[in-house]
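Next up is one chain by itself, shown in structure tokens, the form predicted on its own.
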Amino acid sequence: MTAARALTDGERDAVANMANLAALIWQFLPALNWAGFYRVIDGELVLGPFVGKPACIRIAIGQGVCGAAAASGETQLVPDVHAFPGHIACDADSRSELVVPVRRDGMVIAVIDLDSPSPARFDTEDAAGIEALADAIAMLI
């Protein structure tokens, strides 16, 4: 959390903050093939800054893992994305996923999306850490 605060301290630009945070996550969490943000814009998720392969640009709220997190406001910890109903395969190599909603004033404004080519890569400790990050940065993105 200290590194995230140092990267965002005094910076008001949301895109710059998301870009640095995506890079920070990529640097510190092993076995990822995608780390980044989707922003809620006009009732849908729109691709934000990320590290990884090219990604889906727009995702409907309620669709796939990211859309489920945005719709429910709940973290989605998915050990096997192929078993998740309606999973959107932006990268066929992804096997597991962690998506954490970012809330401001009670509204989901974005999601942090982490994908891994390893099955069951993410656990509750990962989820708790990314949830803490989401809470800490909600006013900065």
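Predicted model, so just to flag it, every value in this text is computed and none were measured. Note that residue numbering begins at 1 and tracks the sequence as displayed.
The form predicted together with a small molecule is left out here; the points below concern that form.
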Looking at the small molecule in the model of the complex, is some heavy atom of each of Pro101, Asp126 and Ala132 within 4.5 Å of it? no
What is the one choice in Leu77, Leu29, Val40, Ala55 with a heavy atom within 4.5 Å of the small molecule in the model of the complex? Ala55
Does any part of Val65 reach within 4.5 Å of the small molecule in the model of the complex? Heavy atoms only, please. yes
Even though the small molecule is not shown here, does Arg95 get within 4.5 Å of it in the model of the complex, heavy atoms only? no
Ile88, heavy atom within 4.5 angstroms of the small molecule in the model of the complex: yes
Val108 near the small molecule in the model of the complex, any heavy atom under 4.5 Å? no
